[in-house]
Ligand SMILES: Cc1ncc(COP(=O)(O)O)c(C=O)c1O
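Just one chain is shown here, as structure tokens, and it is the form predicted on its own.
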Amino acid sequence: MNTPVYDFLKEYEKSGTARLHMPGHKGRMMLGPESLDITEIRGADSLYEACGIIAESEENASTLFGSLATAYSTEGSTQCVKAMLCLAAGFNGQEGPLLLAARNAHKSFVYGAAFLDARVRWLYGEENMGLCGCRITPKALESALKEAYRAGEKPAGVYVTSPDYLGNMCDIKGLSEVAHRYGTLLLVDNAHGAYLHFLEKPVHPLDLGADICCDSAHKTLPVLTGGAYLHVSKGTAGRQGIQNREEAYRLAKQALAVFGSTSPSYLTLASLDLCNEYLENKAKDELKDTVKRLDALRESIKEAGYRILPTDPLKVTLDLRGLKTAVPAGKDLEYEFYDGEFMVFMFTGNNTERDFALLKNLLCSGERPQYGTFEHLPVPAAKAVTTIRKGILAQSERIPSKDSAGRICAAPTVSCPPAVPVVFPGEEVSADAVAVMQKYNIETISVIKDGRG
């Protein structure tokens, strides 16, 4: 596997060329990597009009993932999620498209839907997993699609998050079969699952029938923050009348360009480029070993008395609901996510034996945890008063969230993690939503000025 982007940067670094171009640091060191940080100079290609080294690298990635077309993002899955929605609307020729979406959508979905003036019909999981979890079943999706068709509407796409922040995985194969039976696309936010194609048994959304998906490479692969992939599957071509890879690639680039900066990071591009070499030569062996060690670690944690959620292979998610004893604090390790009900730890092949040992010692050498009963905090049901787009564009004011019941949300208010809004723009804030915001320490919310439900 060649690495054309990285090779170009290294050759330029050694060339001694006078840098009479951006960026302003001119390759002189402050952080360390400046000598490889360039802009679109001769030979460096251009991310959204790629026909040289970037296009070559992206084709390498496409081959590795088995996609029809794969395109890079240097702005994470945030950019790719919006591009996915744009592609789905374009494939179906819909203005103001209807989207069926799992309620635990990332806030980037909000901005993509606003751009398209999309109508969103929310799907709710059968199990209450709080704000982050929303595992949609094929049966529930079929019911929602039947309802849409009875109303004379054809959704442009079905949008789910899998794995989600807690590590829950949807039945992508079953969902894709239902979606295709009703003539619509399955879009998957696979931000946490870029590695899934490289397991002993591949379970990447592309392997299971998804049409379009995005992967945050930086979350689970050795890629700099912001590196991500937008994939179009081979099966999508026949269903959408796409003639060939070139057309799919052009459309993916076009959709990404709508939302992307004209100054993409070449350092991030180089890390995506080098990751191709890693995926071809090292990923499968490292993942096999890491998954095996994590299976053993989970068993030890269970034996110590903790409840663990079934998750994607690289997460350890403690179920703390009803826990009466405190989780021990570890000064030498940092978790990915904690909300009082769940605690998430993420591993990759780059974690060391020490990392595994620290977590095992933290959870398995102290007081045995004691569980009791717990009360579910209801997931707020949506009551849309206006569209997402109108909510975002309306004149707004910021008020204490505790006083927001009955007001109409103007913008998503949530930190990352988990970046899943409690209330979406255009929706009336319910008492349940206020309770959830208080739980997540969301103290203020943007609401439509003088607007009430």
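The numbering used is simple: start at 1 and walk along the sequence shown. Everything numeric in this text was worked out from a predicted model, so none of it was measured.
This next part talks about the form predicted together with the named molecule, which is not shown.
Contact check for 76, 189 and 219: all three have a heavy atom within 4.5 Å of the named molecule in the predicted bound form. Listed stretches are 260-268, 95-103, 76-84, 114-122; the contact stretch with the named molecule in the predicted bound form is 76-84, by a heavy atom cutoff of 4.5 Å. Heavy atoms of residue 184 never reach within 4.5 Å of the named molecule in the predicted bound form, leaving it off the interface. Interface membership of residue 233, defined by any non-hydrogen atom within 4.5 Å of the named molecule in the predicted bound form, is ruled out.
The shortest heavy atom separation between residue 72 and the named molecule in the predicted bound form exceeds 4.5 Å.
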